[in-house]
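What follows is one chain in structure tokens, specifically the form predicted alone.
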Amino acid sequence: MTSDVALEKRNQLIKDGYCVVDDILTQDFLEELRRESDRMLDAVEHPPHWKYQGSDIHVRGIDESVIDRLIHWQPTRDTLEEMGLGDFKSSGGFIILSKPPGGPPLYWHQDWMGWNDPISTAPWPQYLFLSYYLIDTSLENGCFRIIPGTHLKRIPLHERLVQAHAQGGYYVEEDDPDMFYDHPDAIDLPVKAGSLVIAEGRVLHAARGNQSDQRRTLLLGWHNRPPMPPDYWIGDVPKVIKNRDPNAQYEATREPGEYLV
């Protein structure tokens, strides 16, 4: 990746809350990840509350060598360094998210649990998920959807969503008009197998349903960085971050509060 492309990707991530890096996986490693993911998917029961995510299998690198290799995948580490994101660290595992044939859409949600913390106002990427897609995605088989900029700006939809996953999203109706709203600013993001989507945990995102006859599988890993401005940042730093008590404890919540304006 050239320095110009790396800067372009980082600027898109800052502004829109996502970027895509194509061909990050080799063909051999991609095929290995497919085989191992299928093995793990076939080995577990899929409870009813997984229906919107498709699956929710958390795999630690210390338990599966293929996941450990993915955590330390050098092309990804090089890409993050080139983008100025080298201070992001893996949570230590990946989640297998595989939407089966006929699986319904995934509802709109964001995954930031730190809305009580002033770091929520960070105008730079602070909490990222890295999603490796193991097959080509399309509108038909459940591609990623996102509402750009919603990691930094509140929109009316924020007020109408129930909290994601176990906090309420598991139990919404499939025709819920807000959770599955066709928002006019939403974009679909089809990608090729082996591509990496880097996205902000604070951004509103979802996925289309899978109307194809095969699984749509991705591997998602959470990455975090220290609660301070990154070295490359030359813009303004919010006052609440300058005054943030580094020793304070903030109660976890998915509910955006005063720090999302």
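Residue positions are given as counts along the sequence shown, with the first one as 1. Since the structure is predicted, the reported quantities are computational estimates derived from the model, not experimental observations.
There is another form of the same protein, the form predicted in complex with a small molecule; it is not shown, and what comes next is about it.
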Original post:
According to a 4.5 angstroms non-hydrogen atom cut-off, is L130 in contact with the small molecule in the predicted complex?
Top reply: no
**OP:** Check whether L106 has any heavy atom within 4.5 Å of a heavy atom of the small molecule in the predicted complex, and answer yes or no.
**Re:** yes
Subject >> Contact flag, D178 vs the small molecule in the predicted complex, heavy atom cut 4.5 Å >> reply: no
Subject >> the small molecule contact at H158 in the predicted complex, heavy atom, 4.5 Å >> reply: no
**OP:** Given that the partner is absent here, state which listed stretch (64-72, 23-31, 230-238, 214-222) has heavy atoms within 4.5 Å of the small molecule in the predicted complex.
**Re:** 214-222
Original post:
Should the three residues K9, W124 and H151 be counted as contacting the small molecule in the predicted complex, with contact defined as a heavy atom within 4.5 Å for each?
Top reply: no
**OP:** Just give me the single entry in I146, I135, L97, L85 that has a non-hydrogen atom within 4.5 angstroms of the small molecule in the predicted complex.
**Re:** L97
Subject >> Contact residue in the predicted complex, from N210, Q53, S195, S37 (heavy atom within 4.5 Å of the small molecule) >> reply: Q53
